[in-house]
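One chain comes next, on its own, written as C-alpha cells: the form predicted alone.
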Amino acid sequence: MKYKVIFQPSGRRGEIEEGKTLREAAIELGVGIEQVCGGNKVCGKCKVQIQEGYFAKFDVHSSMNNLSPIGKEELRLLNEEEVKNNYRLACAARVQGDVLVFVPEESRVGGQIVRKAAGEINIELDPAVRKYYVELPPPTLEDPEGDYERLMRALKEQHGLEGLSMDYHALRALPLALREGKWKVTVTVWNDREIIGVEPGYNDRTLGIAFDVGTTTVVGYLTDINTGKVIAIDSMMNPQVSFGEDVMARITYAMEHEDGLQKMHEAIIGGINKIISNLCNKAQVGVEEISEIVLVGNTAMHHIYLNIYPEYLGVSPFTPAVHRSLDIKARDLNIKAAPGANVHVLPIEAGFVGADNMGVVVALEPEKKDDIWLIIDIGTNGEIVLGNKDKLLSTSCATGPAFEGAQITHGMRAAPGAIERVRIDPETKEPRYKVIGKEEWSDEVKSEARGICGSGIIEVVAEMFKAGIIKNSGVFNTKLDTPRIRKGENGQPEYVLAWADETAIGKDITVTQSDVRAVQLAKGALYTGCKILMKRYGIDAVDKVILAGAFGSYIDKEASMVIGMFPDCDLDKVVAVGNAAGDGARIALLNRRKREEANAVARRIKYIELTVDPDFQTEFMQAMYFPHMKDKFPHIQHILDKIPK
C-alpha cells in the first residue's frame, strides 16, 4: 500500500509506501529535516507536527492514527505540550495512512530563504510614539499631590502636553518608576493622547517593528523610530501554511473546523512572537522596549491575525469586517511587546486587496504620479493596482502557490538546493541551471539540486517555450529528438531538467505537462487581471510596470514577459521594487500622517471584481497561451520571432 504524505511549508508531496518512516519519506521527497543522530531516535532534532482533519485542497484526511503509535523513545524526547500538540519524531513515526506534516522552523535543514530585505525609504520622521524626559519635584507633607497628577503637571509645564490619558499598565508602573528614578523619568506617549510607558531615568531609545504577514512568509523589521534605521530583520514561513497554502484554503479551514480560526490565529501570533524574540536577541534589546508595531497583510491574513471570522470574505459580495485602519493594544492580541504597546493595522481596500497592498501604495504613492503605473504584487494571491493621480483601480487574482514552488512536481520554496536560474540551448535542448547556495552553473560544478523554486519555474517554462519544447498552447512538442523529452510514470510528457546523478535527491528533476499547466493558470489569472483593469481604465498600454514583493524582485523580467505574466511594456520600464508592502509598513511606523493618508487613499481606489466581468472567461482563455493568444508584444517580438515553429 502507498499513502499520500504532504510536507509543509515546502509543499513537497508524494505517494509513500506503508511502513516507511516520515524521515524516509522526507528523504525520498527531497524535504530537508534535521537528523543529527542519523535517525537513531536519540537527538530529538527531527520533530514534526501532524495536522489533523480533512484537507480538501489535497483530498486527504490526516490523522495521528495514520501513523504508528508513539513509542518510548519519542516520549523521552518530546515534552508534554509537544505530545499534546501532535508532535512526532520523523525518524520514529511510520506511515500507515495519509498524513499532512508540518516541519517547524527549528527542524528544517538549510532553512527557507525569505528574500525580503529592507528597501531604502526617505520619509520625514513623525512617529506616533515619542519619549519625553521629565524631572518632578518629590512630594512632601505640604505637597502630597498624587503621582499621576504630579506627572501630568510636569509634562504640561516642561513639554506643553496636556489632556493625556494613561494606560492602566503604565499607571501601575508609575509609583516605582518615579522613586527608582529619583523623580526623574522618561515617559512614552502615543499619538499625543496616551501615556503608554514610564521608566526611571533618561532613555531616548524608541523601538518599533513593522511586520509584513504574507500568506506564505512573515517578515519583521526592528526599527529605531527616532532615526528610521532598520536595526535587525527576521523572517519565517507563515506557520499557517499547514492549514492550507492559499487564502481560500484557510478560509475553508476556518469554516469547516469549529476551532479552525483559533488554531490559525494562535499559529500566526506565535510566529509573530517568535520573530519579535529573534529580533530582540539579534539587537540585544528587551521585548519590553518595543513600543509600537505596524501590521500589514492581505485581507484573509488581516482577519486571522485579528481573530476575526473570515468566512464572509469567501462568499459574495466578499465583505470584510472592517475597511479602515485599526489601533489595538498588543496585549489584546497576545503579542509580546511593552505592556502598553500599540499595534497599528493599515486599512484594506476590498475583500481580496488588503493592508499589504495598501503598504505597497503607501511606499510607491501612485496617486501622486502623472504616468500610468501598473503595480503587480506577485504572491500566492496576486494584487494589482493601475492608475495615476487622476484615478486608481485595483483587483486581485488567485495565482495560487505555483509561482512559489507548490503544485509543481519538483517544486519547492526558495531554499539551498533549489534551481533558481535556467537556460536551455535552442538547438540541442540541453539545459544549464543554477541552484541557490552555489555561484557556479550546473555545467561548471555538480549542482546537487533538490527541486525548483518560483523564479526557476518561470525561467524553465520560458526557456522551454523559446526552445520549442512546448508550443504557445503549452502542449509539449513530443516529436523533438532528445532524451530530455519523455513520457512520465503517469503517461504525460515531461522534460528532464536534471538527471538523477546530478541531484541531491537521487532522482530526475522534471517539468511535466501538469507543471506547465499550473504555470499557465497562474500567469493567465495575473494577465487577465491586468488586462481587465486596463480595459476599465480605457488604455491599451501602460507607462511603467512595477513588480512588487520578494518574488517579483527575483524573477527575470524578460522571461516573465515571454510567458505573458503581464502586458507588453518597454523592458527598461519594468522595475522590481522589492518588498514594497514591508516598506509601506515601515513608513507607517515612522510617520503617522501616512496612516491618515492611507485611510483616504484606500477609499479612493476603486476595486474591480474580476469574476463578474463579462469579458473574464474570454480574456482568461486567451491569456493561457504563451505569451498570449492574440495580444501583441512588440518589445519582445525579436525573441518570439526566433522560436522554432
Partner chain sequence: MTEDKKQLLEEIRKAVIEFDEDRVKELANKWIELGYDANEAIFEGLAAGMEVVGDLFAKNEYFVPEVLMCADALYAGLDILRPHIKAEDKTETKGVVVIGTVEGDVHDIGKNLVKLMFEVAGFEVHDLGKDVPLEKFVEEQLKTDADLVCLSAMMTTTMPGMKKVIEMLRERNPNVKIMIGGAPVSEKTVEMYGADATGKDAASALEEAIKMVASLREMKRKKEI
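Residue numbers count along the first chain shown, from 1. So that the term is clear: the rigid core is the largest set of C-alpha atoms that superpose within 1.5 Å between two forms. Note that the coordinates shown come from a computational prediction; the quantities given were computed from them, not determined experimentally.
Beyond the structure shown, there is the form predicted together with its partner chain, which is absent from this document and is the topic of what follows.
Heavy atom contact within 4.5 Å of its partner chain in the predicted complex, the stretch among 276-284, 342-350, 67-75, 129-137: Stretch with heavy atoms near the partner: 67-75.
Wondering, does residue 517 line up within 4.5 Å of its partner chain in the predicted complex on heavy atoms? Residue 517 belongs to the contact set for its partner chain.
Is residue 510 a contact residue for its partner chain in the predicted complex, using a 4.5 Å heavy atom cut-off? Output for residue 510 is no: heavy atoms all beyond 4.5 Å of its partner chain.
If you check in the predicted complex, is residue 415 within 4.5 Å of its partner chain, heavy atoms only? Residue 415: no contact with its partner chain in the predicted complex.
Touches its partner chain in the predicted complex: residue 318 (any heavy atom, 4.5 Å): Residue 318 belongs to the contact set for its partner chain.
What I'd like checked is whether 248, 251 and 255 together line its partner chain in the predicted complex, meaning each has a non-hydrogen atom within 4.5 Å of it. Contact check passed for all of 248, 251 and 255.
Could you spot which one of 227, 262, 492, 191 gets a heavy atom to within 4.5 Å of its partner chain in the predicted complex? Partner contact (heavy atom, 4.5 Å) among the options: 492.
Let me know the one among 85, 473, 79, 428 whose heavy atoms come within 4.5 Å of its partner chain in the predicted complex, would you? Selected option: 473.
Note yes or no: does the Cα of residue 21 move by 2 Å or more between the shown form and the other one after the core is superposed? Comparing forms between the shown form and the other one, the residue 21 CA shifts at least 2 Å.
Does the distance between the two CA positions of residue 92 reach 2 Å or more between the shown form and the other one, the core being superposed? It does, since the residue 92 C-alpha is displaced 2 Å or more between the shown form and the other one after the core fit.
So the C-alpha spacing of residue 94 and residue 451 changes by 3 Å or more in the predicted complex; is that change toward closer or farther than shown? Here the pair is closer than in the predicted complex; there, farther apart.
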